[in-house]
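Presented as structure tokens, the chain that follows is alone, the form predicted alone.
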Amino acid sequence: MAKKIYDVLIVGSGHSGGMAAHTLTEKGVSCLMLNAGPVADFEKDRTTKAAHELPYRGFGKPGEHPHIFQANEFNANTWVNEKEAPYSHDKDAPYNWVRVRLLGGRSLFWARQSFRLSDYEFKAADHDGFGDNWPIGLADLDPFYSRVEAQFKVVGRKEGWKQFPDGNFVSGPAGASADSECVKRLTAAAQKMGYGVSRMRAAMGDGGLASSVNLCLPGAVETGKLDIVPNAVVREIKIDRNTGKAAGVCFVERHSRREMEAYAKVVVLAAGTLESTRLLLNSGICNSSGALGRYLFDQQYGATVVAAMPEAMNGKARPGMIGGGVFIPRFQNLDQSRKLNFLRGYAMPMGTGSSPDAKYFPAYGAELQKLLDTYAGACIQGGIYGEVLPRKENHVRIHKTGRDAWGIPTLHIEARYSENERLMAQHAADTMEEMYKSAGFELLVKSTAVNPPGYSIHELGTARMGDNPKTSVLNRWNQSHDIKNIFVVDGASFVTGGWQNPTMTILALSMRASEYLAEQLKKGEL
């Protein structure tokens, strides 16, 4: 029986893979999608249980998911089992790698925060001299951002700020309330300090779900041009010895461990930053530059400041006094004549009307309960979305002996934050403290802690794009410099990441690369 050769084989089904399938099938391209996990069947696989019915009362089995802070006993089987699919890091350099192998991947669980990168990120090296620019800019991605925003129904408020590019926003949710007194005071304090105040930008999707499985894959399947194979753990990319091009992939069926192969004219990697890079490293390809696996970064979280609105304490909040939030986009290092002691910048999300965590008070028993009651519903909490500098020394490599449950070599991750990130966190905490005090709020907690790399679940880089094949892995179309029928359309292609959630950029890049890929296929160039 003759083997079937697809036009394109897509590894991964999250936002990047789903958008690739959506875009390519619209162009009449036949696609095969391989996903490492199953299709979620919520009717069959989901049950309702009270916490007291669970062995660990909902907290989860100790040590089962050591790097996944979202995991608990209610959702433990959602996340990748780290015993089946381990990775390693140095003891003094922890890294949180959070993975989902259900069809749709992490697109099922993201917070839907939807930002564009600006040319402060795309052309960051021109601005401050550190690192490298992207080979593209905002103008190149603008039409693709607009199409993605329309598809994902992004809401937001237009501001006209260069560092916070406006998008193609749809009308906001019906019945949005006016600003509370607390938000107005917070806004006034920020504006007095010279900081622009906006609102969160979010993808509304369909019914609040803005994922690959409901916005990308259904339409692709309906074309009749997409086949999806679940439980396919890809081992390596097959290279044709005669042409030097990719011919397909070898994969392992997740349950039976049966070795299988699939064939296509083009291979698109969309498995997520580290899994795509792991696959290239295990295949021994696309690394003539030596940059593959290098320049790993994400966004830093951690710095937190909590205050209370005195008028709302002791249950005295009346309607309209407190509630709602503000979003303060990057305002640091925009003017080259006013430099701080760190490079790049951060944004600050702030919510009001919350209750404090018990850990904030050095008390217990009746005393603790009284404090919790006093501050219940009266708190303002702010944090940081901070840019992390891409550094060559932060990298991933194949572990010499580590293997996963399917015999595939695992990753060793070596990533550390620098003094730049620590100084940025300190500045953010100081800024929030000053803002809260100016607004007349009572300070409760101030933390300058920086969470471990990976905590944001926004791992980026390791297969960066660039115009120079000697210093980058991909070209401006997310296409391998070394093997032209291999494309990487997820976060691995990023050169910088800014403070922004990267999802809109990943989607826009995948759409752009896929349209280019379809054109090249039509011309017979691949």
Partner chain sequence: MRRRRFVTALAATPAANALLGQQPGRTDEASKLTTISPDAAALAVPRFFSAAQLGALKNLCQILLPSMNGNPGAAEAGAAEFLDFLIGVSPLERQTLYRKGLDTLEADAKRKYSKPFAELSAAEADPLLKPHLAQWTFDPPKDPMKHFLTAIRADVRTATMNSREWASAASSGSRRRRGGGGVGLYWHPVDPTRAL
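Numbering follows the first chain given and starts at 1. Everything numeric here is computed off the predicted structure, so don't read it as measured data.
The discussion below concerns the form predicted in complex with its partner chain, not included here.
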Exactly one of S418, N451, Q113, T187 comes within 4.5 Å of its partner chain in the predicted complex through a heavy atom, and that residue is N451
What is the one choice in C182, L411, L102, M432 with a heavy atom within 4.5 Å of its partner chain in the predicted complex? L102
Counting any heavy atom within 4.5 Å as contact, can you tell me which stretch out of 390-398, 216-224, 243-251, 102-110 lines its partner chain in the predicted complex? 102-110
All three of F69, T78 and E367 touching its partner chain in the predicted complex at 4.5 Å, heavy atom to heavy atom? yes
Using a 4.5 angstroms cut-off on non-hydrogen atoms, would Y455 count as touching its partner chain in the predicted complex? yes
Please determine whether S447 contacts its partner chain in the predicted complex, using a 4.5 Å cut-off between heavy atoms. yes
In the predicted complex, is there a heavy atom of its partner chain that lies within 4.5 Å of any heavy atom of D45, even though the partner is absent here? yes
Using heavy atoms and a 4.5 Å limit, would one call Q151 a contact residue for its partner chain in the predicted complex? no
Sequence order please: the residues of 249-264 with a heavy atom within 4.5 Å of its partner chain in the predicted complex. R254, H255, S256, R257
